[in-house]
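First, one chain by itself: the form predicted on its own, in structure tokens.
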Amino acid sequence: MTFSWKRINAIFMKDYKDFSRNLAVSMVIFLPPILAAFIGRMGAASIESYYMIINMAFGMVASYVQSCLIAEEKEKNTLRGLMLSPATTTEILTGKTLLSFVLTIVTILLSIVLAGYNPANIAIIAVAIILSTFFYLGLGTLLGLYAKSVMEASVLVLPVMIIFSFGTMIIALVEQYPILKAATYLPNIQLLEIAAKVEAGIGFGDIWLHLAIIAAWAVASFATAVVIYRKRMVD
């Protein structure tokens, strides 16, 4: 079966209509830009505060919105019909993540502008943010497949928003608690380390390992989501 953008677009438009009708879900996209505008007006914001907002956008938009879109399909008993449609797994997952991807990128761009963040190397930061977006989308898809309703998805995603929005504080505790060093490999902390090195004038050649770690997280999250999705097809 050939890859069909027409089927992907149909899934995308359906998600857009469902998203626009659900104010409880759609309102979250405004929270990171509002906080960014507040921080921007304060002036002299730190790199940590910028990335707290960016990571918050990942949790609230990429993971939360994505999980709710998947969970809503399950709640309305339409996910089974989608699975049995002519659309392939790749087409369905692409269509189901496309809206969340667009919303995440737009929210982050708006937040960056409002906060007044000007990275020294836009290309590196753009690559890191896109790779991170794929990780959070995969995580949101996974949570949505586990949840039975939008309400349950909202509860399941809370730890994600807390850990990945404020988890960068772990860095300050590593020296005191060495066991936390493993947590420095989390994608949100890797993203912060990339940003810090970019501001120090370091190029692609010295941050490729950080990008590779984020990419590995993204692949792992989507691979797990695909396994769970296919399991749901035969349940």
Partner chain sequence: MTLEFINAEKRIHDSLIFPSFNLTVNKGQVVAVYSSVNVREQLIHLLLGKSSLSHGEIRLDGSFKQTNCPGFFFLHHSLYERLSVLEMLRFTKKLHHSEVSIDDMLRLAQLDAKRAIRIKQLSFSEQKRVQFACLLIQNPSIFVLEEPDQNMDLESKRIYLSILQHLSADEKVIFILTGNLESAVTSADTVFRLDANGLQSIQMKTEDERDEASDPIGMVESTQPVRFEKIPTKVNDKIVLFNPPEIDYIESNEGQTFLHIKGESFPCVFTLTELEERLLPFGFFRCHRSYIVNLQKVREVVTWTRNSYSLVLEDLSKSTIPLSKSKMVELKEMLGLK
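Positions refer to the first chain, counted from 1. Only a predicted model underlies this, so the values are computations on that prediction, with no experimental measurement involved.
As for the form predicted together with its partner chain, it is not shown, yet the points below apply to it.
Asks: Going by heavy atoms within 4.5 Å, which of 110-118, 73-81, 157-165, 127-135 lines up against its partner chain in the predicted complex?
Replies: That would be 73-81.
Asks: So in the predicted complex, does any heavy atom of Ala225 sit within 4.5 Å of its partner chain?
Replies: Taking the distances in the predicted complex, the answer for Ala225 is no, it never comes within 4.5 Å of its partner chain.
Asks: Give a yes/no on whether Ala215 approaches its partner chain to within 4.5 Å in the predicted complex, heavy atoms considered.
Replies: Heavy-atom contact with its partner chain at 4.5 Å: absent for Ala215.
Asks: So in the predicted complex, does any heavy atom of Leu211 sit within 4.5 Å of its partner chain?
Replies: No - in the predicted complex, heavy atoms of Leu211 and its partner chain never come within 4.5 Å of each other.
Asks: Residue-level question: is Ser85 within 4.5 Å of its partner chain in the predicted complex, judged on heavy atoms?
Replies: Answer yes; at least one heavy atom of Ser85 falls within 4.5 Å of its partner chain in the predicted complex.
Asks: Are Ile11, Lys17 and Asn22 jointly within 4.5 Å of its partner chain in the predicted complex, each by at least one heavy atom?
Replies: Yes: each residue has a heavy atom within 4.5 Å of the partner.
Asks: With its partner chain taken in the predicted complex, which residues across 194-216 come within 4.5 angstroms through any non-hydrogen atom?
Replies: Stretch hits: zero.
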